[in-house]
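Considered here are two forms of the same protein chain, supplied as structure tokens in two stand-alone entries, structure 1 and structure 2.
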Structure 1
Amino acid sequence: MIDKTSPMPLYFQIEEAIKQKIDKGEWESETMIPSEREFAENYEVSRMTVRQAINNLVNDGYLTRQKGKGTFVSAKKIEQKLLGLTSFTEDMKSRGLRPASRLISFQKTTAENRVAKALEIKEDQIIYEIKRVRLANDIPMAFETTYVPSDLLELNESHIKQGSLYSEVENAGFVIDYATQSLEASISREAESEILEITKGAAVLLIKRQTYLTTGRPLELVQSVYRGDRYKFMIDMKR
């Protein structure tokens, strides 16, 4: 219950009460919460106060609104530590999730200037362009575009559909050394929203990765759009 004599704002007390239910597991992921009217009657406050509490929790990622349905506890986000170089497939398996990919397109094309620079090849050199949706337990997590020099190794559509690109590279005798990666916040565009099954303008993470072999040669340039409501990155820091 809330304390109306407390100097703590009522909406904040309601927020904390809802957070407790979520954190203790009383309300599980994707469970619909009571309506604003029910909260208002239960706590004997105005619906405006309840609405402010719920809006804050939606903004903080605890709750999700579904148009025409109601407000739900947000699905738990997958955490990925920014340590070590792993593929999406390896990362999902390590969390006990079932990884999968849905191939959108696989083609040979010519490298435009920005891609050629990243792969350290000549502009207009032939490369593989691979567009995939990455899934965990059948839920779309990321839309990924990968560029690989075609003279490095032979790839075909069945290889990409069957498993991890990194496995194919290592099976071909190459050793993957390191990668540089950048992350930035953005909002989803229409095409990405449709593929990832999110609303247009939803929060996403844009991730760019350049991966290198032990020979020093670039293996790939990957540009990914990750769902902000399903994924978060963690980093351990020491002073």
Structure 2
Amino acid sequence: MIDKTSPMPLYFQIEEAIKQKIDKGEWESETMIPSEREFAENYEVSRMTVRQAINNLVNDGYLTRQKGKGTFVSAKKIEQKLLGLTSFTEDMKSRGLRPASRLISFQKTTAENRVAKALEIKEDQIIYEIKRVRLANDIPMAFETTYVPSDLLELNESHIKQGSLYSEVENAGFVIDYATQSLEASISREAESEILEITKGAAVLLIKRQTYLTTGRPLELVQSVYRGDRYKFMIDMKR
């Protein structure tokens, strides 16, 4: 499992071995992984070498250490890293609210000019268009429209209904690299007012997000209309 004659550093090999077990689901979230001393004995390396491997994985967010207890597999990675940026679900949970979604429509269609530009595709290319109402404690919070190029992923309604779009992205072997987001204040139009259960002309927060893969290709364009009276966008910038 570990090749001491390889030019690859031992700690790196151990790192990959652990990452694989996590990615393959052998070690699930919250699982305690073997202790540093166990690793050291099994792989016949020093404990410090094991620590270097684990340290890197902790820095990358794969693992969490707890003094006196052990080292544990972190919750899913993408959700953590782009927290608040990608996931309505996580955003609401962190505020102590119960998130839910109601699918309004799901269809394949051709990209109109504005969307095509954002997704860097041709105007007549087929895309998925997903419209959802996002709820917190059963109160409508936002109206969200997502656009995804259909040549990237194979999607159907059940994917959207039960799980995260991002787990599908992962399954397809794609990795999200970064996202850009814009926020602006506006006044609700007729269409949104009804769905969000607010009066026409009420304040709304328009959030537009574009997510990019490590390949450089845009994965999605998400446009959300949040209720101004119920939603506050929070952001922390450290050091």
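Here, rigid core means the biggest group of C-alpha atoms that superpose within 1.5 Å across both forms. Structure 1 provides the reference sequence; residues are numbered from 1 along it. Not measured: the values here are computed from a predicted model.
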Chain form predicted together with the DNA: structure number out of two: 2
With both forms fit on the core, is the shift of the CA atom of residue 56 between structure 1 and structure 2 2 Å or larger? yes
Once you overlay the rigid core, does the Cα of residue 185 travel 2 Å or further between structure 1 and structure 2? no
Core superposition between structure 1 and structure 2, C-alpha change of residue 9 at least 2 Å: yes
Core-aligned CA shift between structure 1 and structure 2 for residue 66 (Å): 49.6
